[in-house]
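Have a look below at one chain only, the form predicted on its own, in structure tokens format.
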Amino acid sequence: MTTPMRQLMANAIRFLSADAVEAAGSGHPGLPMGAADIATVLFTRFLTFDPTKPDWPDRDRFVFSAGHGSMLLYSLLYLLGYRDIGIDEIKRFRQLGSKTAGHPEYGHAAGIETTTGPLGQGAGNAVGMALAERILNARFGDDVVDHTTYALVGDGCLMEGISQEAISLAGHLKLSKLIFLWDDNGITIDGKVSLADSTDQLQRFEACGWQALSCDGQDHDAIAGAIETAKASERPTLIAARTTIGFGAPNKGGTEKAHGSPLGAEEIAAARKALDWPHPPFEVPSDILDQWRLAGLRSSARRKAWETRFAAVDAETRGEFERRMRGDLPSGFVQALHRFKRRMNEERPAVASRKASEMALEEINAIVLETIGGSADLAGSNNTRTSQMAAITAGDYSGRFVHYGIREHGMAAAMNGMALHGGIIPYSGTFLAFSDYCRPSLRLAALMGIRAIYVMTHDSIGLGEDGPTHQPVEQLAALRAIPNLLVFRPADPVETAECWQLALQNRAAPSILALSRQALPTLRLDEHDENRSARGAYEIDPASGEAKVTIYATGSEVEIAVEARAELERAGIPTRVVSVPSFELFRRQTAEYRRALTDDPSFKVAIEAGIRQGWDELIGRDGHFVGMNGFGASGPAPELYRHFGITAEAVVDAVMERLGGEDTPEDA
């Protein structure tokens, strides 16, 4: 049963959405019109939020996974009184510079909890948010953290493979404060869902450990009853709310014609008549708008009660919670890494950079208590679990390590959700070759500008016997192509610690640490506190005079560069080595600094056990590249490096061939 006023409130969503799509000339009116009743019930009766304090930490999270229906969310934000979305923004839907983009964009307006559009990503984000809530609840208690995560998902979200990884993880961890509201309208762009899919979604979710319910998605009391049942469950819940896409449109409703195109003036006029909505476009009668604005204030008393409880918490705990939610790192963090670097200078270990990462994390995790580690079933290979990291399990969320299982897609999306929730810095691990499985989430993390950190080991042919399926050759170039993603490839334990520091300090971008399987010597022996990796590229081994050769390298190949330099210097050819742990940070340096490393007349050589793409930025088209131009092979790492010509000898030969006709200092 739906009361007349609540029906009018839902209709306000329907016509704001349809009119905005019509004005834009593009968009998806069907979902907002069909799911308006679900949204009305959720936001007026259940969701805890406060438009006057949109960043209130203990608000419920609403993830709009089916982001193509974005006008549903924008209509809600306007009706509820969020200041960022006024009626003018609704009228400017999908226009350049508007806050009402074609798909919800995190950071454009308060109330948009995540960027959605690629289907299924929001489902994974919601799982991460729900997990973050439980982790923080275990640390700070019910008085500080106790809220629910809701996600509105569509048929497309549930068809995408990422959804299976996300829901199986959530069911395994029994994330009971997670509720999916499925807009079960049976329509996709091509037509009926039955054209391509016959999955029994309720059985699927139940098999993954969820409670699965169904209701009439146009009946407000039925929707409310399902949500009440969901909130009482000890498992996450799927509510299949059967709706009619384009509800109210007499000719296009219930068909794919309402999905991804404007309804047209005649159809909107017919819908106005069918739903008795005589008001002109973008006009919501004051009595209906007043009811929505009252709904927006519904949780203000709850928010004030939380503030009272929080004020009574002891000062140390309160300060720790506030620091974490701000995203600040604790005092002593930088000093601890300085001590670690000095120890590496003294001990000079020869270890894989994945092991050096573990050693640095042992220091970091003892101080930065908000780090939550994990791995896609590769903890022993990625070295992401330190002594502080007890496992997070169903019902016990006090640990700091997530066993994500073989779920790279879901892991990356969940990490985005954890970072977006706040109070947590997520990091996890997999092999660099499998970054392709994480790529959609990595791209969205970069687009949103959030801090999620990926340890991606086995970063080259140096992993050896596993062969070309596991040996990344194009992945570094592909990842460097993503804007606002920091890709680090450290050369030794000192650089590894510096890259961890930079990844943690950078709140506005995700980071990747590409780390070796094979042991690497400690090359940085400068014994001072400056983070030289922050330059992106720097001279790690200077020439004996004015350099005739500059060798650039990353990661495990810096050792090769240093060896080649020694041979060239013995031959009387002044040679310098430039370590390039981060292309992205090098681009941020002053033009003068960049010129000093790249614009001199020396012969330029780059060494990286990957493809050349991207390196011409440093060495120019005439520079020489020592690396891969195809896939790898199976065999021991030293043999592979010789087989593919990634050796100091190959570098020396290339230099001698290029400089053969020139006088060397010995000949002068």
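Just so it is clear, the structure is predicted and the values come from calculations on it, not from any experiment. In case it trips you up, residue 1 is the first one in the sequence shown, and so on.
What comes next is about the form predicted together with a further copy of the same chain, which does not appear here.
- In the model of the complex, no residue of the candidate spot (Asp60, Ala240 and Thr457) has a heavy atom lying within 4.5 Å of a further copy of the same chain.
- A heavy atom within 4.5 Å of a further copy of the same chain in the model of the complex is found for one listed residue only; from Asp526, Asp221, Glu465, Glu322, this is Glu465.
- Residue Arg439 is the only one of Arg439, Arg139, His147, Arg298 with a heavy atom lying within 4.5 Å of a further copy of the same chain in the model of the complex.
- Not displayed here, a further copy of the same chain is approached by Gly630 to within 4.5 Å at the level of heavy atoms in the model of the complex.
- The closest non-hydrogen atom of Gln121 lies within 4.5 Å of a further copy of the same chain in the model of the complex.
- Not displayed here, a further copy of the same chain is kept clear of Ser357 by more than 4.5 Å at the level of heavy atoms in the model of the complex.
- In the model of the complex, none of the heavy atoms of Leu42 sits within 4.5 Å of a heavy atom of a further copy of the same chain.
- Stretch 98-106 is the contacting one of 98-106, 501-509, 222-230, 335-343, since its residues have non-hydrogen atoms within 4.5 Å of a further copy of the same chain in the model of the complex.
- Scanning 172-205 for heavy atoms within 4.5 Å of a further copy of the same chain in the model of the complex gives His172, Thr188, Ile189, Asp190, Ser194, Leu195, Ala196, Asp197, Ser198, Thr199, Asp200, Gln203, Arg204 in sequence order.
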